[in-house]
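Given as structure tokens, the chain that follows is alone and in the form predicted alone.
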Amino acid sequence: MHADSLKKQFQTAFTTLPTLVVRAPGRINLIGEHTDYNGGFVMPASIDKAIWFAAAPRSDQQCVLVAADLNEKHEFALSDLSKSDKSWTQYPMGVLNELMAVGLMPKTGFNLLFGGNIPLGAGLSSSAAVECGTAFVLNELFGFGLSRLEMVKIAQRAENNFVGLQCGIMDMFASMMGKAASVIRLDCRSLEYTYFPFNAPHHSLVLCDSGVKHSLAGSEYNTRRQECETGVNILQQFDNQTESLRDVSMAFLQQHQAALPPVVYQRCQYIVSEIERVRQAGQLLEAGNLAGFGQLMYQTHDGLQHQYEVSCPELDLLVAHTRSLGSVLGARLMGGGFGGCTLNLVEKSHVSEFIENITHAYQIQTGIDLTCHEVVLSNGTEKISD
């Protein structure tokens, strides 16, 4: 999808040209898994897979949404944000709902067409891209004057309140705030953030989509949150300054191991280690030490597999396969776990060979066709000029 084809689709749908074209990217998270709800750090980046938007204000109070990839349309009045039975409409309508909730009312209705190339179900946050893109479009069209961070918060509240998913802020933050050739270290407690260079002229980031999503994902995610909260509640007895696992050192955790149920100790051990790994990752990237960064990725996977226990046989197979390949610096599962993608740091000159090799091995061992995506770190949500 490019700006020109989007404009043509908009003209076909609405018989006029758009006044605005916007690109909102998907995201990956390089390191920092399950740390967000523990007050820790994450290290996401926006990527070249994106959703594109074409928009124009109308002269009446009607709003028309077109999902180009689905060839579906939904029309509603500004005065009536009733939920549609088309699930995709919830994301842009949720953003509009949150804007109105803070007193930002569009002067008129609008036409909005969007589509893109973010692979669905691969954990690259297409929903956050739709929300961030819509917030950006409406902010531009109607001159709301919102900062990027304010738009991020609007997008997150849309997901929480209108869509009904209690996600953290990372996905929206990465989609809106990304920079090409950079990763963001985001403090999930304070929302302070720092950009770190991802200078990798000879390496590529490749996602391998396992093609599985185990039903455990939702219930086990909630269980992990509860186990971490249990750990914090017990550790507070020894230091009342402990608000989250972000405040816990490994030495303090080990000192009070006997007070914690064994499983809770394991979960806390992973989180405390992972928060420290994100700190180390920034230093390694600043030093241009990609090999060291790759080793941290493997350590994260090991922790997710054995201590946090959110991996699955298919993801473990994919990561294990890379350890014998000299062209791979690091690999780990990405996202909540129990399926989805692995993220791999691969020598650029060996990407085709790597994909062929791992696809063949995975097919033989699981019978599943592996889908791989090479991604490039890109700018966050932005206006596309002619």
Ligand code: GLA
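In this text, residue numbers run from 1 along the sequence as written. All of these numbers come straight from a predicted model, not from anything done at the bench.
What comes next is about the form predicted in complex with the ligand, which does not appear here.
- A single residue from the set 260, 78, 170, 290 has any heavy atom within 4.5 angstroms of the ligand in the model of the complex; that residue is 170.
- Heavy atoms within 4.5 Å of the ligand in the model of the complex belong, among the stretches 161 to 169, 261 to 269, 193 to 201, 141 to 149, to residues of 161 to 169.
- Taken together, 27, 37 and 221 are fully in contact with the ligand in the model of the complex: each brings a heavy atom within 4.5 Å.
- Though the partner is left out of this view, residue 339 does not reach within 4.5 Å of the ligand in the model of the complex, counting heavy atoms only.
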